[in-house]
Every structure is written in structure tokens, then in C-alpha cells.
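Read the single chain below, which is given as C-alpha cells and is the form predicted alone.
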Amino acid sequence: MLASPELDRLYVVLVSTRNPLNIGAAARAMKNFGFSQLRVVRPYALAFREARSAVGAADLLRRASAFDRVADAVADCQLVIGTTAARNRHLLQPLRQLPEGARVIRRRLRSSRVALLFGPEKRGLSNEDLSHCHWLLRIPTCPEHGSMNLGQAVAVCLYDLVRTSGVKPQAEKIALASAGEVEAMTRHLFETLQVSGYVNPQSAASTEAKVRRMVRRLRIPASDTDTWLGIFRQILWKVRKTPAS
């Protein structure tokens, strides 16, 4: 069972959820398993805080933080994981099944904040949303009916996180940069690529998402963040200063 500090380091992030009842059901599941950190990004209905489905979790809904962008919702987290049914999609991040992924998450919660993202009911997380994730998580379901209700998906994931593991996980030895710090490095690098002429304006969005995924794969230590940002700023300043030939 996870200890209280570890439970508080897990952030459930619901992105563009359309039905406030599903937000309430997710909050109830969080309460069932001892989690309290709920964040929502662009909820379709602003009345989600009064959802009747949040039985016993009204206080959790009232405290939920709302954001306009995924980047802001995960900025203070060191590990960002997106959930997906993985059906008919070309995935660009590593994919783990829930049992394996839960073990990794439990280990990281001993020293890091972890964001677990769930997408809207009909289409799931978009490719842009997924570009903020270090890797993806899938709940094993039968191929004929792979999509789960949002509240059920949250409940299943959280249950697998809190159930007793036979092996005590070791804490992550190196503190990694937060998602906000990694996003700052991504912005500086992408801007440098734009100024240098590397980025095709017609494919800028897909290139930015590709750069974001690439930087996240580097697993940059928090202690190196200032150095990397300084390097990117110096390169960008130099590129801007150099006249075009």
C-alpha cells in the first residue's frame, strides 16, 4: 500500500472531459483509494464541481484545479503518463500495460510527482496532448470492447496503484526535471530551430510535438536544468545575432 506522501504525489488529470458526471465518478474513485490531487483541463461543462456522481468526494471536486493547457496542468510533475486504448493509432511513445506501468509509477512516487492523464470520452487524448507524456499506459481489455467508461478507467488504474506489491520498490536515485522545466527547454530549442530555418512553417505543429517527445525521452536531471536552459538561450541569441548569408 502506498504511504500518504506517495498518494499526494499522484495527480489525476482529466483533459477535455465532456460529461461532468464522469468527472464526479473519477473523483469518487480517487476518494475510494486515498488520492486527492485532481486537475482538469478545459472541462466541457463548468458545473462539474456540483456533479452528483461524486458521492463522498464533493470536497475533492471543490479543490480540483482547472487549467487551459495540458502543459500548465503537468508543469510541476517529473513524470507524465497518458492513458490510451491504443486502438487504430500510431503511437509515438513507449506503451506499457497497466500491471507493468503501475510498478513503475509506484517506484517513481517515492520521490517524484506523477501526472496520470485521461482524455475525453469519445476520442481520448489527442496527439498534441500525448506529446507532453513520457510514456503511455493501457488497461488490458478484450479487443472486441476495448474502450472503458472514464470513471471506470480511473478506478481500475488507481486500484492497481494501491494494491500491495510483493517487492518493495526502490526510490528513484536521480531527481528528474519537472514537466514545466522540460517544456521550457522544449520551447527554447524549438524557437532556435525556427530561427535557424530548420522548421517548415507548414508542418510546425507536428515538428514541435516531435521535438517535445524527443526532449522528454532524454530524462534530464533537475540539477542540469539551468545549464541546458543557458545553452539553449546562448545558441538562440547567437543564431539571432548572426546575419543571414
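None of these values were measured; they are calculated from a predicted model. Throughout, we count residues from 1 along the sequence that is shown.
Below, we turn to the form predicted in complex with a further copy of the same chain, even though it does not appear here.
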- Message: Is Gly151 part of the interface with a further copy of the same chain in the model of the complex - any heavy atom within 4.5 Å?
- Response: yes
- Please check if Ala66 has a heavy atom lying within 4.5 Å of any heavy atom of a further copy of the same chain in the model of the complex. no
- According to a 4.5 angstroms non-hydrogen atom cut-off, is Leu98 in contact with a further copy of the same chain in the model of the complex? yes
- Task: Using a 4.5 Å heavy atom cut-off, state whether Thr141 contacts a further copy of the same chain in the model of the complex.
- Result: yes
- Message: I need to confirm a contact call. Of Arg49, Lys31, Arg187, Arg39, which residue comes within 4.5 Å of a further copy of the same chain in the model of the complex, counting heavy atoms only?
- Response: Lys31
- Item | Sequence-ordered residues of 219-240 touching a further copy of the same chain in the model of the complex, heavy atom within 4.5 Å | Arg219, Ile220, Pro221, Asp224, Thr227, Trp228, Gly230, Ile231, Gln234, Ile235, Trp237, Lys238, Val239
